[in-house]
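Next comes just one chain, in structure tokens: the form predicted on its own.
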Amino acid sequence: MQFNKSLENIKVYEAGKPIELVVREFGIAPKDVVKLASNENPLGTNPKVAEAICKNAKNAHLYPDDSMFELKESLANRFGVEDKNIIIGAGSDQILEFISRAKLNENSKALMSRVTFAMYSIYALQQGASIIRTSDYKHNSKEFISIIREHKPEVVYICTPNNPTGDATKPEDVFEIIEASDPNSLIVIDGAYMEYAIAKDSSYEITPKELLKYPNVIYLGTFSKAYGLGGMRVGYGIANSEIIKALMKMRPPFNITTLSLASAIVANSDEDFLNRSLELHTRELPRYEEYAKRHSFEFIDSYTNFITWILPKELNSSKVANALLRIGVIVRDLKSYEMNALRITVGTPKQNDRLFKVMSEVLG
């Protein structure tokens, strides 16, 4: 059977390994598995969200409110924008898909960092677009501007903080790239981890409202990380109404579920859970930095809920990740990004204790 030729050069996205896989393959009890690979919230499900899920479960036979009025209104109040500036997706990933379908084709170009979120290139390649990558994982404004002026890409992706590296880009550099861009280039500012960046250093904050003055910029956010809704799949895009109108034509009806919608509405209004999540992360992240220093690992200064350890040449990241997996600790190997590195979600104190213990056993 023949499929679109654009699929030939696409690698399937590898999600973090689930706990169930480790239980099946290595016979480890679920309670003994520590998952630190997918940047989920280690506090678990917000109790208020769990209550909302149970309350709304009886309505699972009904389609959700397709206007998503209550969630959009809540987000509009949070960011100081209007409902017409917001689109909701099944995770911010789905909005990335809308963007690719709306802007890219076989004659298009998409610009991104050398090491960044894999779905940017996957969605662009699905449309037959050409991918241009910078020479470094950091979002160097001078290099981005040079490429923009030479190639005039239809879509430019700026992930800040960046996944899977964890570094963040100063707002002044982001705005420099935006202002140098072609008016027909859609600039995507992916702020999936922005809450963590603000908690660490507020000078890295980029708000959707300040981006609205640019007619060719969209800001993406998610409830999957700091808000603890990874399993509910809710993200959002905020941009001027013309961009939102175009993307709405890509959106299928009822693209998030009744329970997802109820969860996001509650999560967006619960600052206490958000603050506890950020405080836990702020306390535990330095432990990873200290461990890396003691073992002579390089690490990327992180503005996210994970840290990237760059291993010395004598350690193979794939072998280390697999050894940890067999013991029941799941981390993300970055070999597929051509980095000899591990990306590790910062967990609870107990989870982190376990990671440090088994990591020392593997190294030993």
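All residue numbers are counted from 1 along the displayed sequence. Values in this document were obtained by computation on a predicted structure and should not be read as measured data.
Beyond the structure shown, there is the form predicted together with another copy of the chain, which is absent from this document and is the topic of what follows.
Among residues of the shown chain, Ser317 is not one whose heavy atoms approach another copy of the chain to within 4.5 Å in the model of the complex. For Asn41, a non-hydrogen atom is located within 4.5 Å of another copy of the chain in the model of the complex, even though that partner is not displayed.
Interface residue remark: Ala29 is not counted as part of the site for another copy of the chain in the model of the complex, having no heavy atom within 4.5 Å.
Contact between Lys350 and another copy of the chain in the model of the complex is not found at the 4.5 Å heavy atom cutoff. Only one of the listed residues (His139, Lys72, Lys200, Arg233) places a non-hydrogen atom within 4.5 angstroms of another copy of the chain in the model of the complex, and that residue is Arg233.
The contact with another copy of the chain in the model of the complex, taken as any heavy atom within 4.5 Å, belongs to Ser260 out of Ser277, Ser260, Asn85, Thr134. Checking 278-286, 145-153, 185-193, 205-213 against another copy of the chain in the model of the complex, the stretch whose residues place heavy atoms within 4.5 Å of it is 185-193. With contact defined as any non-hydrogen atom lying within 4.5 angstroms of another copy of the chain in the model of the complex, the contacting residues in 65-98 are Asp65, Asp66, Ser67, Phe69, Asp93, Glu97, given in sequence order.
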